[in-house]
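Taking the form predicted alone, here's one chain by itself in structure tokens.
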Amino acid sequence: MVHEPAASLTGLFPGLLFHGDAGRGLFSRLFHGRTAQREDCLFSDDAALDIRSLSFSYGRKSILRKVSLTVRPGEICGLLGPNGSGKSTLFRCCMGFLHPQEGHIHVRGVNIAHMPPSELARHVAYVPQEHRQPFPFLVRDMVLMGRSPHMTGCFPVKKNDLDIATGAMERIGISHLADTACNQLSGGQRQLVLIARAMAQQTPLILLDEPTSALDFRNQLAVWKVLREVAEQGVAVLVCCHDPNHILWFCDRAAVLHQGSLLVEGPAREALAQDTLSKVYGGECVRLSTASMDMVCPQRP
């Protein structure tokens, strides 16, 4: 597993985003006055996220190869693939934690390499796969940190910020934990706090890396319901998920990564066809479809 040094800081302060290339890193963008620029190219202004021909390697090990993907407002796109296929690396590139060797990532028509961290944080919210909080921040304060990209001045916390954070906790169902220290929570409860923080950030694009992996079934359904409601408000949602059933049931579109390349992308029911599942998982599962339900089940011996 590769750990980027920014992970702990970005977990605390969503406005701080580190870039893997020193020439385009955090301090370069802070102190050399980089500003967001629109480029005269084929990138779409109406796409919340537009990834083109993205390639990334850790040293000599190629992880992503010419990946292109577009996510539009009001759409939930599920990112599926086996372990090691490059899903988390793709997310880290989209957040500026890693700098790709080739390709570009545009958010609402702007190349993220030209975005100051504070501006990128107003466009993209990120829920990591796992985050352990070393400091005893209260849940309400952790969720309120999602408002930091929108705060200005010496006394930045306004009533509106408090109301938004409170509403996010209510929406995710963690209001009763508001005065509990985050480092006293279970893994599933911490994940709900991170999702509430992303909701409070109120960005047009949300990236979630396996957001329901630590949750019980009831909370899984609750989170997917909230994501559906958020998408219906015009927010674009890209969800990394290991469960093909969740993608079939809750996502509008699906993108399948296999060995670092985009194997297929399209409407979820079409993308997760039997031939795609066989290529990704071998003969271990079968796609079942009825008039009211699609499901991926284990193949009987």
Partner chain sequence: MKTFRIPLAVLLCCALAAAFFHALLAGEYALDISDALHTLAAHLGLGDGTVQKTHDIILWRIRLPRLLLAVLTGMAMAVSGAVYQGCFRNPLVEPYILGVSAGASCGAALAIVFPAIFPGGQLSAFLMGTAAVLLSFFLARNRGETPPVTLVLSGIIVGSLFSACIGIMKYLASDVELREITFWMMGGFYYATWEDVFICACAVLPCIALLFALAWKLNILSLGDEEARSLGVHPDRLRALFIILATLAASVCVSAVGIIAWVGLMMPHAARMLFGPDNRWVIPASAILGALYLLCCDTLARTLTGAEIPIAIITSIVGAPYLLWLLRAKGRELYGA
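Basically, rigid core = biggest C-alpha set you can superpose within 1.5 Å across the two forms. Numbering follows the first chain given and starts at 1. None of the values given here were measured: they were computed from a predicted structure.
Not pictured, yet referred to below: the form predicted together with the partner chain.
Picking from 67-75, 221-229, 185-193, 132-140 the stretch near the partner chain in the model of the complex, with a 4.5 Å limit on heavy atoms, gives 132-140. Against the partner chain in the model of the complex, the set 236, 250 and 268 makes no contact: no member has a heavy atom within 4.5 Å. Contact check for residue 111: no non-hydrogen atom falls within 4.5 Å of the partner chain in the model of the complex. For residue 145, a non-hydrogen atom is located within 4.5 Å of the partner chain in the model of the complex, even though that partner is not displayed.
Though the partner is left out of this view, residue 124 does reach within 4.5 Å of the partner chain in the model of the complex, counting heavy atoms only. For the chain shown alone, residue 92 is a contact residue for the partner chain in the model of the complex, at least one non-hydrogen atom being within 4.5 angstroms.
Taking a 4.5 Å heavy atom cutoff to the partner chain in the model of the complex, the contacting residues in 83-111 are 92, 96, 97. Core-aligned CA deviation for residue 105 between this form and the one not shown: less than 2 Å. Once both forms are fitted on their rigid core, the CA atom of residue 229 lies less than 2 Å apart between this form and the one not shown. Once the cores line up, the CA of residue 182 ends up 2 angstroms or more apart between this form and the one not shown. Compared with the form shown here, the Cα atoms of residue 114 and residue 98 sit 3 Å or more closer together in the model of the complex.
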